[in-house]
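In the block that follows, a single chain appears as structure tokens, in the form predicted on its own.
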Amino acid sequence: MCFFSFLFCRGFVYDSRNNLQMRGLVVLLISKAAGPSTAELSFQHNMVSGIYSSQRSLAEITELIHTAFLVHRGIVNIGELKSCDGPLKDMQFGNKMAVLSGDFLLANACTSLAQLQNTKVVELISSAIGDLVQGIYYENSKSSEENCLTDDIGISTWKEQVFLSHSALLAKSCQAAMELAKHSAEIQDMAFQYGKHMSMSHKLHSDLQPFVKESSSDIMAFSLNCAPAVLHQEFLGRDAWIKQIREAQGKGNIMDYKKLQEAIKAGKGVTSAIDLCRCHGNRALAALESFPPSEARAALANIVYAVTRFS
């Protein structure tokens, strides 16, 4: 029996309130699923439970980088604060602590990365950090534009942006784990594809929660640039979508998310986002076929099932 059942995985990747950190675990699981390379048989004494010590370090590095960027994302825009938000000095102090804490975690991750003594792995993870910076910069630059309610983008552009800010780190960490075990370029690419498409499914699953939850009496606020909204705009047209947003705004520009949610659910955005989520999930499962059957591979498959089922 697989040590990661479907129900466990479903609760692990999404607990109805928060998206949980799972990147390090995925790196460990895919390392165990791939096993030792024939080129590295002489170093199997460095393996514990089928995972090299360097791969364990990589999993820790991946989580450190992800956490560092989460801390940096918590920085408050002082210029947008209102008097009811609290003392300005407290916010300024909090921002300084967020910058220092995030930088400390990132510095530790980079130090551990250098200790792996593998130039290709350093290059992969460094490029993933660059992707994260680029993705977050794009998000912040768009959200800071005056009177910008929603981006005028299609789903292809949305996927490019999501890859940078959400998928690149996991995809390149999975590839790096294969490089540390000296696996072939084909296996490295399959690991990259699994990490990419699984995390894309995870993001789509998260975006869909306000539209598919049946038992919630409270309407959840959602981003106007989430996947269902972007797809809804594609089908409806930019002008009609902006009109719906304006109609959902009440006095003081307070958004009526229930009204907007109903408008999106009445269109094709939600069903198309579910189909896209399952499409990426199927591509992640197809990548797993390159790995031999094992409990680790089954666990990775269950994680995909957990983020592609909505009933």
Partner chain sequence: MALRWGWWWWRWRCGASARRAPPPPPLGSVPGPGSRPPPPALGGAMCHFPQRSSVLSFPKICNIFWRFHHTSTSQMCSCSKTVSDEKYQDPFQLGRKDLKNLYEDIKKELLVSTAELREMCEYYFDGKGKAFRPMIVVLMARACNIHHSNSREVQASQRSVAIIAEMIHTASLVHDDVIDDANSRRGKMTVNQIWGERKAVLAGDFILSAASLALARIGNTTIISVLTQVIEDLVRGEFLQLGSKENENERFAHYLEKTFKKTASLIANSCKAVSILGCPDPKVHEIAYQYGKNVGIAFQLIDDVLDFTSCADRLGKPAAADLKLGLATGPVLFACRQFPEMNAMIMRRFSKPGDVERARKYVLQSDGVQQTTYLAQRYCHEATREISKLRPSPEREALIQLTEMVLMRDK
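Positions refer to the first chain, counted from 1. Note that this is a predicted model, so its numbers are computed, not measured.
Just so it is clear, the following notes concern the form predicted in complex with the partner chain, a form of the same protein that is not shown.
S.K.: Although the partner isn't part of this model, could you tell me whether residue 156 comes within 4.5 Å of the partner chain in the model of the complex, counting any heavy atom of the residue?
M.R.: So residue 156 does not count as contacting the partner chain.
S.K.: Applying a 4.5 Å heavy atom distance criterion, does residue 100 contact the partner chain in the model of the complex?
M.R.: Taking the distances in the model of the complex, the answer for residue 100 is yes, it comes within 4.5 Å of the partner chain.
S.K.: Looking in the model of the complex, any heavy atom of residue 52 within 4.5 Å of the partner chain?
M.R.: Residue 52 lies outside the contact set for the partner chain.
S.K.: Using the partner position in the model of the complex, report whether residue 182 sits within 4.5 Å of the partner chain, counting heavy atoms only.
M.R.: No, residue 182 sits far enough from the partner chain in the model of the complex that none of its heavy atoms falls within 4.5 Å.
S.K.: Which one of 225, 206, 193, 95 is close to the partner chain in the model of the complex, taking close to mean a heavy atom within 4.5 Å?
M.R.: Only one option qualifies, and that one is 95.
S.K.: Could you work out which of 186, 123, 239, 152 is the residue within 4.5 angstroms of the partner chain in the model of the complex, going by heavy atoms?
M.R.: By the 4.5 Å heavy-atom cutoff, the listed residue in contact is 123.
S.K.: Is the partner chain close enough to 248, 260 and 264 in the model of the complex that each of the three has a heavy atom within 4.5 Å of it?
M.R.: No.
S.K.: Any idea which of 198-206, 70-78, 174-182, 231-239 reaches within 4.5 Å of the partner chain in the model of the complex, heavy atoms considered?
M.R.: The contacting stretch here is 70-78.
S.K.: Across 110-136, which residues bring a heavy atom to within 4.5 Å of the partner chain in the model of the complex?
M.R.: Sequence-ordered list: 110, 111, 114, 117, 118, 119, 122, 123, 126, 127, 129, 130, 133, 134, 136.
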